[in-house]
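The chain that follows stands alone, in the form predicted alone, written as structure tokens.
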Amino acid sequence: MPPTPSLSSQNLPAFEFKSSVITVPVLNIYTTDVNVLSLQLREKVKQAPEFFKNSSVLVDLQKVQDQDLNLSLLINAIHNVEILPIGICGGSEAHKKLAHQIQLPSFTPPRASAGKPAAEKALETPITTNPEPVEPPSNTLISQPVRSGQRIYAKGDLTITSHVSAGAEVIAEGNIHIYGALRGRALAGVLGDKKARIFCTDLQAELISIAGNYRISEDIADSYKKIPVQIYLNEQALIIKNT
């Protein structure tokens, strides 16, 4: 039998609501054919299984809001590729009712910033209590190696003066600078900044990504590996250039 909390511990706060911003990728649905969706999802996940595994997504139904959709089958198809839907946005009242029946919340569709389609914009869901002053993005400096299994997130630019091991992940809302070997995954401009860049002195990455556009190791030419490079977007193409 668990111990009974003392009177003093009962009077202490057990939780607290605070203003926050949660960012997750958005999965836009363009067809109600769940078989087609399931097949294409599997093919996409095969390209970078560790990148997608256990990733949270918001399911956007705006493009199919006037169509009948078996939402339960769709959510099962997403779960089957080890992606975790946290809720839906858009869709009809019927879709929202179905989501409620399977215990999925319904969110307001995210608005795209000027020049950015919604598919490239991460969801921002504030839980408002008292508004807090907005601070400018900070720059993060990491001087130790980033080990396998570690994940580093920077709200501004991220600079790493050592190496990034295979199985590690470094993520930044701005640019990423790595003054060592990049053997893991590097994701720059994760909130949709298409001007973000990745710089590294030794490219051996499992995955590189800018504003949601990515390449996996197999898609990186050998001529760019183990040399200093910079990586940037041109239109929707991910460009790797010797430095």
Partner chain sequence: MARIIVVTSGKGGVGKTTTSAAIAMGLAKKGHKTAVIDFDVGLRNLDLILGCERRVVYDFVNVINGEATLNQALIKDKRCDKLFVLPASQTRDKDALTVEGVGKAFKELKKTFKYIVCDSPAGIERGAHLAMYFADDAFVVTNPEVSSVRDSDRMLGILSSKSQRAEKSETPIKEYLLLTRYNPARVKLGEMLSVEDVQDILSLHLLGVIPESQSVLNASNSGTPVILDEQSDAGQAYSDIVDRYLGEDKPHRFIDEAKKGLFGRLFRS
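Residue numbers count along the first chain shown, from 1. Treat the numbers as computed from the prediction; the structure is a model and nothing was measured.
If you look for the form predicted together with its partner chain, you will not find it shown, but the lines that follow are about it.
Comparing 148-156, 97-105, 169-177, 75-83 against its partner chain in the model of the complex, the single stretch with non-hydrogen atoms within 4.5 angstroms of it is 148-156. The partner is absent here; in the model of the complex, the one residue of R215, R183, K194, K63 having a heavy atom within 4.5 Å of its partner chain is R183. Taking non-hydrogen atoms only, S92 never approaches its partner chain to within 4.5 angstroms in the model of the complex. Looking at N139, you'd find every heavy atom of it more than 4.5 angstroms from its partner chain in the model of the complex.
Of the residues in 157-177, those that come within 4.5 Å of its partner chain in the model of the complex through at least one heavy atom are, in sequence order, H163, S165, A166.
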